[in-house]
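Below, in structure tokens: the form predicted on its own, a single chain.
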Amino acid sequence: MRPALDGIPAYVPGRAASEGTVSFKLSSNENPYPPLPGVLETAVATAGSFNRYPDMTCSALLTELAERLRVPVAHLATGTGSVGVAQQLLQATAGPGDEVVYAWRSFEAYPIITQISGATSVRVPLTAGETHDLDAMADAITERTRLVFVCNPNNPTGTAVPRAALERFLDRVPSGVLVVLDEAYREFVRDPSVPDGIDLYRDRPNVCVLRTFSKAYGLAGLRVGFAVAHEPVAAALRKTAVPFGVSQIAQDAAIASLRSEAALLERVDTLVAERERVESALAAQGWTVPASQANFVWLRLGEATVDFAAACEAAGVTVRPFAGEGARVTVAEPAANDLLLRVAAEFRRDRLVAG
């Protein structure tokens, strides 16, 4: 086996809800709603021909996306979720002796896919406010840097980088270094200062934007994501893609989801309202919660993280703990959020304040 695989960290999925009890899974940032109107029917109809290979080029989906995003089809590439596209990017850009820069903590797949490529991770700590330290990230770029990830909004803290700061950062990045704006949670952004990465990519050839149908669109189980990038980058993504990786069911469901925009916006608005309610309630309890622009909130718990996750699970709700750091909690249906708030209040009272 390649030495690069030695000691590689395993991706840890969110814990499933417990069986036999009233339980909610708030550990994977999934959309709590069923497929959008018409999507399930489309998927079922397509399933009748899954003895055939899918359209390897995803031509109908790319045409739909190109029209919606006002970009050339040649600037689009698909993959098995945005994380699949991210791995393709590393295959295309980085190998042994190269460096990949990203904030930490950020999306936990970054160190995994970087190590698989043979490149070296350069992790730049978040600021005290749980945001990207873009000045430090720019300072960390060397002649060995091939790619920089900017997760915006950031997973797991939910914080987002405003346009002015991001543009200053991009101005400092050498033109030969690819900057990947990972926007898996873009649909949940409500802060007008946070830019749409596609606006930034248009006149910056070294900017690539990742998007996914897993979160807001609720297609997490079908694995379809895409990149928007200038033609040399998009062409490299097509070269590194697993042939027939995106199933026809996923392609057709994604198209149907795009055409159900009114229902999508309604659901996202509902989740954003719940996010704001959860943030306000946690703040009233005494928690310091960074303002989230995603479909989750972040609690910096330090050494109490694992105990908090255990208390949540015992009460019937699973969260995503990062031992010694904090817990990420997906915003879901009101009943789940109410249960989480009750556990958080009790834990703070009994463990953090009393203890």
Ligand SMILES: Cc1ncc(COP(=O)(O)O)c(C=O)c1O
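Heads up: residue numbers just count along the shown sequence, starting at 1. Everything quoted here is computed from the prediction, not taken from an experiment.
The protein also exists as the form predicted together with the named molecule; that form is not presented, and the subsequent description refers to it.
Participant: At 4.5 Å between heavy atoms, only one of the stretches 115 to 123, 241 to 249, 213 to 221, 259 to 267 reaches the named molecule in the model of the complex; which one is it?
Facilitator: Stretch with heavy atoms near the partner: 213 to 221.
Participant: Honest question, do V179, Y201 and V228 all end up within 4.5 Å of the named molecule in the model of the complex by heavy atom distance?
Facilitator: Not a single residue of the candidate spot has a heavy atom within 4.5 Å of the named molecule in the model of the complex.
Participant: Quick one: is A184 in contact with the named molecule in the model of the complex, heavy atoms, 4.5 Å cut-off?
Facilitator: Yes, A184 sits close enough to the named molecule in the model of the complex that at least one of its heavy atoms falls within 4.5 Å.
Participant: Taking the named molecule as it sits in the model of the complex, is V209 in contact with it (heavy atom to heavy atom, 4.5 Å or less)?
Facilitator: No, V209 stays farther than 4.5 Å from the named molecule in the model of the complex.
Participant: Does at least one non-hydrogen atom of Y102 fall within 4.5 angstroms of the named molecule in the model of the complex?
Facilitator: No, Y102 sits far enough from the named molecule in the model of the complex that none of its heavy atoms falls within 4.5 Å.
Participant: With a 4.5 Å heavy atom cut-off, would you call Q87 a contact of the named molecule in the model of the complex?
Facilitator: The answer is no: Q87 has no heavy atom within 4.5 Å of the named molecule.
Participant: Within 4.5 Å, heavy atoms only, which of L271, L147, V278, V83 is in contact with the named molecule in the model of the complex?
Facilitator: Contact residue from the list: V83.
Participant: Since exactly one of V173, A77, C151, L166 fits, which has a heavy atom within 4.5 Å of the named molecule in the model of the complex?
Facilitator: Only one option qualifies, and that one is C151.
Participant: Could you list which residues of 107 to 121 come within 4.5 Å of the named molecule in the model of the complex, counting heavy atoms only?
Facilitator: Heavy-atom contacts within 4.5 Å come from F107, Y110.
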